[in-house]
Structures are given as structure tokens and as C-alpha cells.
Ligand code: F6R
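As C-alpha cells, one chain now follows by itself in the form predicted alone.
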């Protein structure tokens, strides 16, 4: 695992964008697993800039997002499809038909989960999977549990996740209580994983995930078993690791 530290969010975002850009340049037909949330926004902005400057193209790239709120239509302004269109897809040259998210408006969550797993399998799996980490250690919407759930699944969000995501909604009551999320198997079968984390509030859980026991109580801890993980984080997010395991950090 490579743990890369930058002084601030902007530096972290540029470094993460460089990792993803290198992947696309090496394999223009890459399958990219993408994530939402505040952490990757800066990375998406930098990739969009590189695309506009003609330094990278996404014409032949295919994307599969980690998750989607259940009950929101793709055009809902709080849906993850809407987020991706606003922050990335509409700013680059990727064909819309090459971009995939779970369908949060599906009438059957079980059938939609199965469809999404079949889609990922039909693409040959994921070449590079982007991840963040929740304050409780979740990746995608794989919440703390007594087991790792392998397949795309319909999940009830924890109260902590609902509170954390409330900042994006008019009120906490508006946050959906359920989501569809890619399972642990597809994430761990990705050839490479890129993780972006920023802010002091993630420092403790990041250290537990990367250096603590591997347990479904901290879903991100399973990444310790993956052979090719790159973490791009700012100094605040790495403050605990820098204190306890300074030799692990690449600056």
C-alpha cells in the first residue's frame, strides 16, 4: 500500500487525479469505479481541466459508480447520478452510455443489485476503483456489520451516515434511509484501488482501517488485503498515522 501525503486538499486532489490520469493513458478503455462525496470533487475538477486541455480523453472509458440512494430518480438533484453529471461527466468527453450507476428508482432492489453485478462482470471487472471512507469506516455504503457483504446490496443506512450526509440536504429528515451499494467482492477484485481522504475528522478511522484489525466492523479494513492500493490524503487526515507510523508515509 502506498500512503501519499500532501499538505492540503488541493495537493491531494492533484496527486489523485494524476494517478487516475495515468491509468487512462495506459489503458484508454479502462473501467473506472467512481465515488461521490466531497473528497473526490477536487480530483474530478483537475481531471476535467486535463481533459479540456487535451491532455487526456475519456472517450473510450467506462465507469461504474459505487452506489446510489434508493428512492431517488436520476434527475433528482440529490441523486448520485445528478452529482456525477454536475461534477464530472458533463465536463469531460465521456459518452453518457458509458457511465453506469445503480438505479435508485428501480421497483425491485434485489433485481437491480443482481443486474449491477452482472454489468460489472460483463465489463471484465474494474481496472481502478476510487474510494473514500466514512467516519465509521464504511466504503461505498457498505456499513459496519458482523460480516462483509460480497455482492451489490440494498442497505439500510446507519444513523451516523445519515447525520454525516445531512449537510447535502435541506434537513436530516430528507436524507434517504436506504441505498444500493457495490459489494466488497467487486471492490476487492478491482485491479487497483485509489483512496482519497481529507480532513482531521477522518484521521482516527483512517488509522484504524489501515493499521487495525481486519473486521467488518470497520469495512475499509479489508483493503489491507488488496495488493495494489494508493491512498492520497492531506496532512490532517494522516495526522494520526504520521504520529504512530511515520515510516509508512510517502511525501
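Positions refer to the first chain, counted from 1. Remember, predicted model here, so these are calculated numbers, not experimental data.
Beyond the structure shown, there is the form predicted in complex with this ligand, which is absent from this document and is the topic of what follows.
*Asks:* Exactly one residue in 38, 189, 224, 215 has a non-hydrogen atom within 4.5 Å of this ligand in the predicted complex; which is it?
*Replies:* It is 38 that has a heavy atom within 4.5 Å of the partner.
*Asks:* Which residue, 43, 61, 206, 66, is the contact with this ligand in the predicted complex, using a 4.5 Å heavy atom cutoff?
*Replies:* Here the answer is residue option 66.
*Asks:* Is it the case that 32, 50 and 52 all touch this ligand in the predicted complex, with a non-hydrogen atom of each within 4.5 angstroms?
*Replies:* Looking in the predicted complex, the three residues 32, 50 and 52 all stay beyond 4.5 Å of this ligand (heavy atoms).
*Asks:* Mark residue 155 yes when one of its heavy atoms lies within 4.5 Å of a heavy atom of this ligand in the predicted complex, and no otherwise.
*Replies:* Because no heavy atom of residue 155 falls inside 4.5 Å of this ligand in the predicted complex, the answer is no.
*Asks:* May I ask you to state whether residue 138 is within 4.5 Å of this ligand in the predicted complex, using heavy atom distances?
*Replies:* Answer yes; at least one heavy atom of residue 138 falls within 4.5 Å of this ligand in the predicted complex.
*Asks:* Could you tell me if residue 80 has a non-hydrogen atom within 4.5 Å of this ligand in the predicted complex?
*Replies:* Contact with this ligand, yes.
*Asks:* I'd like to know if residue 167 sits close to this ligand in the predicted complex, meaning any non-hydrogen atom pair within 4.5 angstroms.
*Replies:* Although this ligand is absent here, residue 167 would touch it in the predicted complex, with heavy atoms inside 4.5 Å.
*Asks:* If contact means a heavy atom within 4.5 Å, which one of 126 to 134, 103 to 111, 170 to 178, 71 to 79 is the stretch that engages this ligand in the predicted complex?
*Replies:* Stretch with heavy atoms near the partner: 126 to 134.
*Asks:* What residues in 190 to 208 sit within 4.5 Å of this ligand in the predicted complex, counting heavy atoms only?
*Replies:* Residue within 4.5 Å: 202, and no other.
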